[in-house]
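First, one chain by itself: the form predicted alone, in structure tokens.
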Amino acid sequence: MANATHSAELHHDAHDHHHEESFIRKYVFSMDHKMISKQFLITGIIMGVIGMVMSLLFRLQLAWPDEHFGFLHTLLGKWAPDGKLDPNFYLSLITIHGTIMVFYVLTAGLSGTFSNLLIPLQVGARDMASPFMNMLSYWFFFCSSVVLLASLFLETGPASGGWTIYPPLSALPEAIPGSGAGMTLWLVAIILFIASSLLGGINYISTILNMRTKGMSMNRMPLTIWAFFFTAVLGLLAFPVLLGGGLLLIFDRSFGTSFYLSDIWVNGAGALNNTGGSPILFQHLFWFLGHPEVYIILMPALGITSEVIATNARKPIFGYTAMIISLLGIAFLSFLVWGHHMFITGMNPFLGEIFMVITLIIAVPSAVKTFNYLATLWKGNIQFTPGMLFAIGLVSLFISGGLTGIFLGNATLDINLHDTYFVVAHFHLVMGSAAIFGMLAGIYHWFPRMYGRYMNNTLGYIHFWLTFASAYLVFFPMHFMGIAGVPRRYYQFTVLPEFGVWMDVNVLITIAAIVGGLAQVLFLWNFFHSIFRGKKSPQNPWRSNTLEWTAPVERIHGNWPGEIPTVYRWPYDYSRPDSEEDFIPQNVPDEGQTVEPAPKKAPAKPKHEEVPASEGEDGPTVSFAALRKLFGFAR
């Protein structure tokens, strides 16, 4: 620890005399974590807008399947002849929409933004462990985004078959138009994306473990950092599995192998020569990433929510230790439940029982987090900022969406509900909408930290209520459609009388989606206008305890102009009875509290500096021996 701190100080001193950076070096190929976080955020916002527009296009088709919209032909050309979506392109829109929202917005846009912004600032580091790798992480993500969007301009169209790209559609270029070059570009884009995620994850873990400031023991880290840490670990373990699955898919597509193909007939032209493969193998490989991916998306949003709720409730977070244990439990169990996505594949009932039981168990740590949020809010002196509203909205969506997961975790019920709109409703509430709300909470809360200005509160309140109402109006009715057996990914329901009765509900959902889309236009105006014209904020506008608010907003090398602040307490000292202030920042010592100076010569194995502390001053401690031994907890 002493070595890491000393190295960071030398790095800072060297930069104090650095020449003035060029525009390219400062804003494009930047190695400053704060600028890279803004690059991730703005790129994620752009991708989010594209994904949202795609969803509105196919919602128009579902609500008014027999109507012809002239602007669609102008916008999409041959993919919307006479103003009506081509069925092949409809499937492509669903595929690319899902891919963009799951990977490019909710994974890279959320985790890439806030891990980069907060990890060095909240643990007291000058920058990431490797600024160069950090820059590479963003540019791999950017190149991946470009490759994916380039597939929209192919003559045969972008990838089709759903964002899960199940074989055999994805393994046979001749199967449908979207299985050709578009699918190849999809696979290339995902490989670049995985490279970006792995580079970022290694950096996040290294920074958290090795570059914490003096006094910042593991049990004094904010819950945001714990969430980012477990998220990075999940990504490092899970993404290589999807990479392997994707490479095998490329072999099947281009080199005649048979990992996923066996005895397939194509367009009545005869059977393929492939034998011995199984598309179920791909499902196992995909969902071994796919279910941890749910929590790779959710955990950063939950960490952000913990910080925003504690700050705006003016209360210590309830159950700090329990929150960490629940994050650890979620991370561990998420690797054991992937099979519940495959109950209808002919899985052995005994194996299905095991997946079902573990799936229901994972609800326990999720319920612990929900209870702790509610207990933190209880009798708090709540400040209803836009960020706080979105954090509370996440808790609501997490509860309502999570409850429906109990239905889908039961194998008997899932067999009936699988591939219906019930599944669409569930994962859009518990993962999609909840994570988006967490991301928006973080943007509103840390916008002053990023740009030194406030976003407009009035526009923020309007944005929240329109988004909250539209999210429930869009996805809650889908549960009832799913119970009635309405299948997802269908192009048109008017030709099926038993499903045509839901047309009025589809119209309601589409109108709500359009209103929600307009609300995001309001947010975009508020965001970009506030960057340049927003009201200037003080350095610590929310009166928070964490270290990022002690650093000046001005972009400087090393975050802090002088010494890095020393940490004396946990991050949730709000409204202490023995203090006149309702918050005590982590870098403020109690009377008589000191920190031993770092030794001139570091020991062979770096150890964390020990901070004397009076009983109870740094809140609940993580006392379980295994974590203390593994992560090097210091009191």
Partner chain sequence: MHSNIAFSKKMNIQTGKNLTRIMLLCALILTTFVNGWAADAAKGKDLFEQNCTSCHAINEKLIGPALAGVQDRRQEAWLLKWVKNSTAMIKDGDPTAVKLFDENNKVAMTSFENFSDEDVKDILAYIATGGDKPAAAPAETAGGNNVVTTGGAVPEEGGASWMIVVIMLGIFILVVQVFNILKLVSEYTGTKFFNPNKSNAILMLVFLILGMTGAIWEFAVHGPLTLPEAASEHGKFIDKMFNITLYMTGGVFVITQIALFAFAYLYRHKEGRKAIFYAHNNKLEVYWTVIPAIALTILVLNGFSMWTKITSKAPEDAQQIEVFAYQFGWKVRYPGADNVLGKSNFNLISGTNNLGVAIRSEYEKVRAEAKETLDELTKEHEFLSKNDDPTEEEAIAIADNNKKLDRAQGHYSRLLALENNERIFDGTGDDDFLPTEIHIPVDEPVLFHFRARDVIHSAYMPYFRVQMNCVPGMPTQFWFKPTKTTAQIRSEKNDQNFDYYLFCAKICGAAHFNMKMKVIVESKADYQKWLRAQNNKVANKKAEQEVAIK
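Predicted model only: the values in this text are computed from it and were never measured. Residue numbers count along the first chain shown, from 1.
From this point on, the text means the form predicted together with its partner chain, which you will not see here.
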None of L247, L336, V495, L524 but one has a heavy atom within 4.5 Å of its partner chain in the predicted complex; the exception is V495
Heavy atom within 4.5 Å of its partner chain in the predicted complex: which of P158, G215, P167, P292 fits that? Just give me the one.
P167
Just to confirm the contact call: exactly one of 387 to 395, 185 to 193, 300 to 308, 134 to 142 touches its partner chain in the predicted complex at a 4.5 Å heavy atom cutoff, so which is it?
387 to 395
Non-hydrogen atom contact G77 with its partner chain in the predicted complex at 4.5 angstroms
no
Is there a heavy atom of N273 no more than 4.5 Å from a heavy atom of its partner chain in the predicted complex?
yes
Residue-level question: is W64 within 4.5 Å of its partner chain in the predicted complex, judged on heavy atoms?
yes
Partner contact for F332 in the predicted complex: its partner chain, 4.5 angstroms, heavy atom
no
Going through 506 to 544 from first to last, which residues have a non-hydrogen atom within 4.5 Å of its partner chain in the predicted complex?
I511, I514, V515, L518, A519, L522
